[in-house]
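One protein chain, two forms: both are listed below as structure tokens, the first as structure 1 and the second as structure 2.
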Structure 1
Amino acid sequence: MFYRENGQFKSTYESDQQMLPILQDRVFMLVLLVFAFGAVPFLVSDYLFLSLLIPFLILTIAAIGLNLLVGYCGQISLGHAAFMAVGAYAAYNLVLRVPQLNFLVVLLISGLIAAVVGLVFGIPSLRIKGLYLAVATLAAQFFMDWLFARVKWFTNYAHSGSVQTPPVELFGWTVNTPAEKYLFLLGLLIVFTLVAKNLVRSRIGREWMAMRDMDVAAEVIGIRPVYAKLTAFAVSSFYVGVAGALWGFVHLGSWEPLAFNLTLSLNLLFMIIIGGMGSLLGSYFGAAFIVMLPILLNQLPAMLGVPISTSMATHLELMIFGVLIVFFLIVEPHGLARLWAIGKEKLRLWPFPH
């Protein structure tokens, strides 16, 4: 009813391989982009930018990164915040020690450093699988936590171990106001999404998915497990490393040694579970959900006129968080992305049943 793809035939290879094959989808995407770039910076308050949109954009990049590894390649990681930390500290040290570098180059290099570290911690995945691997990736988490808290060189011998970052500068443009930060991050997110989308529908993404679905069978048809798994770890860590650098520089500005702890790792994992494993759209939904939930839970009692203490609020938040996770797993194990797909399908036919 709302849109139909009748009459849209694919007569060339190009049209068959389009990212958005349906005209309505292309129009929708275009309108969305125009709205996000053109309208949002004027409509939204600074508070919303800082507490909602900026964390959402950065965490989406991280969630896409983790989704490439967990959702597409099937290797669980409980320690991905460690690679965010690697990216953040790499960027900090690059800006500190080589100040003439362009920030985009800094992002690229810190992503690459995170990729190398991810590669090293991905090596066990060649031998161990499933839940053993999940626990083994915790090693990355605890080791990195310790490394950045204890080795003084990384924090430039700061006394408390916390670091301060200068504002981001790009080609003479200082990314300072919340709206500017938002536009900068939005641009980056779009680039990263496009790259990820094309990775997963090309040869390498198909290799990852084959590994995920049945590794022995994939090996039999000639996919090299070493190559497939390690590239997934490297690409995923690259994404997460860049997200970490952005989290440190654009969102936090200054951070303590344990800013990238296990809780953040688990939150990243919840994002892709709730959003939908093996779906880029799901990473968006999941990040939005996880960013919004605590804010909503904080505002809700005040809105309802029930005053509760802060410690009570934290405990309630933990409880509701836990219940929601279990609820989502039971009701829709494929996440919000699947709900979205079902809704779309329903709307296509509405009001007819078939």
Structure 2
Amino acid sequence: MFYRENGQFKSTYESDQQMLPILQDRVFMLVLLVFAFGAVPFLVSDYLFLSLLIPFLILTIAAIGLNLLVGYCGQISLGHAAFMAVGAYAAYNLVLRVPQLNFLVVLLISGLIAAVVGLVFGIPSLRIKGLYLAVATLAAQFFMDWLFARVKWFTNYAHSGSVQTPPVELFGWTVNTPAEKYLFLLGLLIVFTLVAKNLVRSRIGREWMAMRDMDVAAEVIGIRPVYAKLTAFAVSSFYVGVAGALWGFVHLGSWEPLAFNLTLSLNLLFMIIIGGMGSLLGSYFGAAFIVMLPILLNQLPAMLGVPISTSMATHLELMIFGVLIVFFLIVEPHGLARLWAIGKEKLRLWPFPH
């Protein structure tokens, strides 16, 4: 009875096209933001910040980037962790060689470098699609793994091949404590989500979705496949590159080339499959699920009095991922986001059966 649209009239185009047209959604979002900014930093422990919230926020940015490419444009990618690595190493070298740059500028330049690399590896999408495109993007993963492991310039000639980052500084503010990292990442995530939401509602977003639904028909009505596909690769790689820089500087602090391996690429793909392809909300759900599942598998059996080994928890994690991917592809291809939408529809009709 609380989720009703009765009396909420739209008298202008602006009110009809707003991102949250229902009053209850706007109130819920406002309360959620107030709680996230005003209460969470004081209620959550450092362990939850470091193991749950910070990885969730960064991976959500990466999942949004991949969802723009796969979910909205229909271009399959199996190597997006490679673009995360590009962003991370670009940020590391920018901070190392041009220390005067503000970290926000470093993030922007790192994302642009990743976008250029994404454009290069997106060129095959003009001629191939489906499984063949997935293999082409997989080649980007293997090439970047080789490049950052063999070319020592990227790691400042470190003998171990690993790099260590300095603390993040913004306008004299050192982002050091877990709560400060959380607030910084939360602000960035909100900005990137708003930009992505407006992108998919704009002309370029409609072009992406037309290419996803039927590329031949989209070309017939005047959409340029070259422009649509390459812009999708560029924007997606920009998002993922920024997420890679944040993953390296804010979450890891130090890393080696294997930190951005094929497993991370597959986890990004699992996020949007489980969360919901073609849905920004699904990127949030998928990232939360991927981050929370290993923690639950490690702690829940012990809480229930059935302790399991670490290797068993890892194997269970892979098995659950596989089962859920098959389940969602068969039963609900649009993932957890669609289940959330169905729940909202039920609330709008409850308690009436129709």
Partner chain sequence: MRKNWPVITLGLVLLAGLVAPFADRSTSPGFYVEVLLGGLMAGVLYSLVALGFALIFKASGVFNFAQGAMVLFAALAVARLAEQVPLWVAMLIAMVIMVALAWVIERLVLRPLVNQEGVALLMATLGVSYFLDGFGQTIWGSDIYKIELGIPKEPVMILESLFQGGILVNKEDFVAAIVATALVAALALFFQKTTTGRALRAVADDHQAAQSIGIPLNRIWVIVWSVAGFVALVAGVIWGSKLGVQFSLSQVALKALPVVILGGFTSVTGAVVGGLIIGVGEKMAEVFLGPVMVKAFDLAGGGIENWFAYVLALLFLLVRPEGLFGEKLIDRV
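What we label the rigid core is the largest C-alpha set whose atoms superpose within 1.5 Å from one form to the other. From a predicted model like this one, the values you see are computed outputs, not experimental measurements. Residue numbering: structure 1 sequence, from 1.
Between the first and the second structure, which is the form predicted together with its partner chain?
It is the first structure that is the form predicted together with its partner chain.
In Å, how large is the C-alpha displacement of Ile330 between structures 1 and 2 after the rigid core is aligned?
With the cores aligned, its C-alpha sits 3.1 Å away.
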